[in-house]
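A lone chain, given as structure tokens: the form predicted alone.
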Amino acid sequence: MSVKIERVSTGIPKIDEMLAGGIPRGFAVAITGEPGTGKTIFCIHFIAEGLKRGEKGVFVTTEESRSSIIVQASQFGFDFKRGEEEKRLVIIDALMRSDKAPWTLSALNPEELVQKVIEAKKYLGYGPTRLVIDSMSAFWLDAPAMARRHSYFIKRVLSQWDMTILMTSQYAVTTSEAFGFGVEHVADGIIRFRRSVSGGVLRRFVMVEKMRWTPHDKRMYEIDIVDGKGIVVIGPTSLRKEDVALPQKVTEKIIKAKGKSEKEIGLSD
């Protein structure tokens, strides 16, 4: 006898289909990829779908301002300002730098993040809540070796509060640090966004690389970001995963940094 799994819609029907109906409720999912691949917009869809269904939402932004997130959402037809006014959405802004602002982080550390998210959850009240942390990478910029430990702490504490969590992290071709690996190690699922330039044109892709309890689609899909709509899934691509992977030298640096990080915090054998 199979157990029925409650799933949470991403807000993008085709990606829900790729996930056999959506993300299992209560999961913490890593949303990874290079800058400009669509991670933040995917998270906006996720929160907007929750608001549409009468659920609560918390959006933690560490690399953009609260107003930027609201403007981006409006470009795709989502009214985050109304969600705030109706006390169904809290946007926690790490860039506000104002002691008078109730929803801001004065320091980028996991303990303060968890405390502020729990405060927001209590403010929003009872019921399922969608949480986005965009991005996790900001919490270990000065100590990448702590990525895995910080990620585990955040997941362990916040998963007890009836939250389905998206945690973004990014790889940049200009860095040798493995900013994404800490999140990926502890996540219940991994949705990876990729990009390539073909014929002088930027192309974006999405792939579900892992999702527990889910017979997920293993193909890579091409996507587009359309003004007024957001992410649109074009269809499966004939490109291989390797065709849109990070450059080999960058990959080698990331793997090397990952091993060094684990050794520093005693996670390797």
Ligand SMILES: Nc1ncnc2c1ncn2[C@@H]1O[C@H](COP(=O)(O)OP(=O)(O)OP(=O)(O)O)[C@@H](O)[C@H]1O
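Start at 1 with the first residue shown and count on from there. Computed from a predicted model, the values in this text were never measured in an experiment.
The following text describes the form predicted in complex with the named molecule, which does not appear among the structures shown.
Screening 22-30, 38-46, 54-62, 215-223 for residues having heavy atoms within 4.5 Å of the named molecule in the predicted bound form returns a single hit, 38-46. Heavy atoms of residue 34 reach within 4.5 Å of the named molecule in the predicted bound form, making it an interface residue.
Within 4.5 Å of any heavy atom of the named molecule in the predicted bound form lies no heavy atom of residue 153. Interface membership of residue 196, defined by any non-hydrogen atom within 4.5 Å of the named molecule in the predicted bound form, is ruled out. At a distance threshold of 4.5 angstroms between non-hydrogen atoms, residue 129 is out of contact with the named molecule in the predicted bound form. Residues 170, 204 and 227 are all found to lie within 4.5 Å of the named molecule in the predicted bound form, as judged by heavy atom distances. Looking at 42-79, the residues that come within 4.5 Å of the named molecule in the predicted bound form, counting any heavy atom, are 64, 72, 75, 76.
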